[in-house]
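Have a look below at one chain only, the form predicted on its own, in structure tokens format.
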């Protein structure tokens, strides 16, 4: 069962911790009403939004690739690279991520459906849907169950055992960010699950074959096919594609890390999730996520994962609705004494890196595990 209160040792309630006696079932009912309201109003406006995003993405990609085909001219390289970068970010976050969550399945459009969408990413769609939709969203921030809590190589909470290799995690996190899409593909293979006998070697080899095939197709498309088509502009075209993929990786890495690792975000034990009710599940999602404040452009380019709290509470609602319901969600959580972790991008980014650096060091003193990360007051 998720507990919203400190247990060992007993301490006075902090303003950053839900008060004792938080009525999680009332919290769940209030959040259910928000969800039901969106479902009742979901329709033509939402369909128009996603069709617009798809159209903008396609035009940006076609325009970007056309400009890179003549990118011996420096202005064409700049315009083409910027357009392709934006197209890839839109496809990765606002389209790929959200469509494969099933947010648009209600439209019954086979071209925008979680069962048919294959994204512009080295990770095959089926592998990502397993590790992200089924594991991460089920076990959000539960130590030992949510592999996204540190992605198996980072220590992001004091509830994870410290090892000497963690001393270097600020360095390998920074070095890995530009290659995030490829590292994510390796991560989704779950090699650690084979070692822990949670995944058979046969299943691993099957998935590895699928990932290699997808990765080869991705690399051939961006680093061979389109550069060859560009003829005399082959080299600048290749560099444009490399820049677009690198920028997308850096941005996706930033958005994802700022959604779960700023100070104030909590982790949980497996024991805390035993016999978890719907209200307690909602509470864990809210405490295990963080928002990024900003304007419409930031929200769309982040795939609306700037509203990570709303996304984790309602992962299958259309992403364009998260901005609309965010004030209502915050009001409900605040009324029930539940912290709402949010802040501007730079603040969340700095907080996330501070946590990566702090967790790289061994613990020098005992603190209560029920406190949010970053709260060192005792």
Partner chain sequence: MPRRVLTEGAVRLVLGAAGRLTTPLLPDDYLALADPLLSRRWPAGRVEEVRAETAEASTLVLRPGHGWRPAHRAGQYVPLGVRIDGVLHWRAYSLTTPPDGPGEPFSITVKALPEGRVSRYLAHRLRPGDVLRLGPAQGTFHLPAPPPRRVLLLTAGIGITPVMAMLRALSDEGGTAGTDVLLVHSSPDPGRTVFGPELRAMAERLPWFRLHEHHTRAGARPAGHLTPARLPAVCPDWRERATWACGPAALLESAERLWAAAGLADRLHVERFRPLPPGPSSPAGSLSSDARVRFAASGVETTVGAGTPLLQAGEAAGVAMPSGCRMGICFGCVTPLLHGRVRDLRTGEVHGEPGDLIQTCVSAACGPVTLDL
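Numbering follows the first chain given and starts at 1. Remember, predicted model here, so these are calculated numbers, not experimental data.
Form predicted together with the partner chain: not shown, discussed below.
Considering the partner chain in the predicted bound form, which of 210, 294, 178, 102 comes within 4.5 Å of it through any heavy atom? By the 4.5 Å criterion, the partner-contacting residue is 102.
Counting non-hydrogen atoms within 4.5 angstroms of the partner chain in the predicted bound form, say which of 72, 242, 250, 107 makes the cut. Looking at 72, 242, 250, 107 one by one, just 107 meets the 4.5 Å heavy-atom criterion.
Although the partner chain is absent from this view, report whether residue 331 comes within 4.5 Å of it in the predicted bound form, heavy atoms only. Result no; residue 331 lies far from the partner chain in the predicted bound form.
In the predicted bound form, residue 120 touching the partner chain (heavy atom, 4.5 Å): Close contact exists here: in the predicted bound form, residue 120 approaches the partner chain to within 4.5 Å, heavy atoms only.
Please check if residue 315 has a heavy atom lying within 4.5 Å of any heavy atom of the partner chain in the predicted bound form. Answer yes; at least one heavy atom of residue 315 falls within 4.5 Å of the partner chain in the predicted bound form.
Within a 4.5 Å heavy atom cut-off, is residue 57 in contact with the partner chain in the predicted bound form? Residue 57 belongs to the contact set for the partner chain.
61, 113 and 226 all contacting the partner chain in the predicted bound form, non-hydrogen atom within 4.5 Å: The answer is yes; 61, 113 and 226 each reach the partner chain.
Quick check for you: of 180-188, 167-175, 134-142, 198-206, which stretch puts a non-hydrogen atom within 4.5 Å of the partner chain in the predicted bound form? Going by heavy atoms within 4.5 Å, the stretch is 134-142.
Stretch 214-243 - residues with a heavy atom within 4.5 Å of the partner chain in the predicted bound form: 214, 217, 218, 221, 225, 226, 229 sit within 4.5 Å of the partner.
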